[in-house]
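Two forms, one chain: they're shown below as structure tokens, one block per form, named structure 1 and structure 2.
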Structure 1
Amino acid sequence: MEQGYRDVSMRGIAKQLGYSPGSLYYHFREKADLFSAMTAEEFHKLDNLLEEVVSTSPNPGRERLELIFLSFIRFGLENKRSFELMFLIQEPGLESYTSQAKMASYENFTHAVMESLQMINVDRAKDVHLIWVLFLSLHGFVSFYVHSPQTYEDVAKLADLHVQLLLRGLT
């Protein structure tokens, strides 16, 4: 993250880890494979968080949507480097390595939001464009703060206000 995807090499990574380049290449064919494994792991963490929110939330509907949205923002701001790896690095050719994990995670998000949104507004729950806009809104909030020194706790009131505005627009 410090050097950027283009400027880091497999040799440099191996050196930082105290491994030989050959041992790194044994597990990863190229830098993009390593990047893919890293992002897949981070998407897995985000998916587990979403699953936990859905399973522990008492009822689908507004409360669950609020928890889903706030949890996404919290994850992004408590895992800024992970969020950057997952969503903000735009390098030609990398999308083919990361798209599967990214799309699976987005599908989980979509399903959870649609299920909860059905309790609030059945017609809106069917609108895939609306779900995308909700995701973009949450993503944009995190992206704004991802390079700042502010923590989730520092912007928690703003995050809550942002989520409340989204929820108000859904009812």
Structure 2
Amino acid sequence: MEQGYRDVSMRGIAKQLGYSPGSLYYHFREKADLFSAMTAEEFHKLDNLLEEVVSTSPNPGRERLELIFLSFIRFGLENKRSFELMFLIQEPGLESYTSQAKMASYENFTHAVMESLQMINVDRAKDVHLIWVLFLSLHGFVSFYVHSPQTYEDVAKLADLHVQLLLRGLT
């Protein structure tokens, strides 16, 4: 989590643990497997975060949506390495592990958003697609700043603008 997926080697990890490289392969089928074992926890963190936002938000609607969107962005930028591992890195091995977790995470996002969306969206038939493109929009924002040294607070205002743009587009 310090060095990143590509810049850390199985040999390096083993050395730091005081084990031989081959030993890692007794416990993990491959490098991607080792890292995917860590992502499960990170996905849960995101799930819990969104759940908490929903439960602490007084009532569904525009305000809650804003909170959800901003929380998502905040999570990504305050856990850059996790976010990278969960959504961005597309190493051949990793994706087969994370793909289903990604889908589950998106469904969780959908679940958090749906109720509020239905209160402000006029065209209910497009709900699912709308949530999906919202998801992609947020991803676009996070994906960029994940690869930058800027913190969430550095771009908080911009994140707000981004979220407002999306929210206005929903009405």
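Take the two forms, find the largest set of C-alpha atoms that superpose within 1.5 Å, and that set is the rigid core. All residue numbers here follow the sequence of structure 1, with the first residue given the number 1. Keep in mind it's a predicted model, so treat the numbers as computed, not measured.
Two forms of the same chain are shown on their own. Structure 1 is the form predicted alone. Core-superposed comparison between structures 1 and 2: the CA of Ile131 stays below a 2 Å shift. After superposing the rigid core, the Cα of Val53 is displaced by less than 2 Å between structures 1 and 2. Relative to the superposed core, Leu70 undergoes a Cα shift smaller than 2 Å between structures 1 and 2. Taking the core as the fixed frame between structures 1 and 2, we note the C-alpha of Pro21 moving 5.8 angstrom. Structural comparison between structures 1 and 2 after rigid-core fitting shows the C-alpha of Ser96 displaced 3.0 Å.
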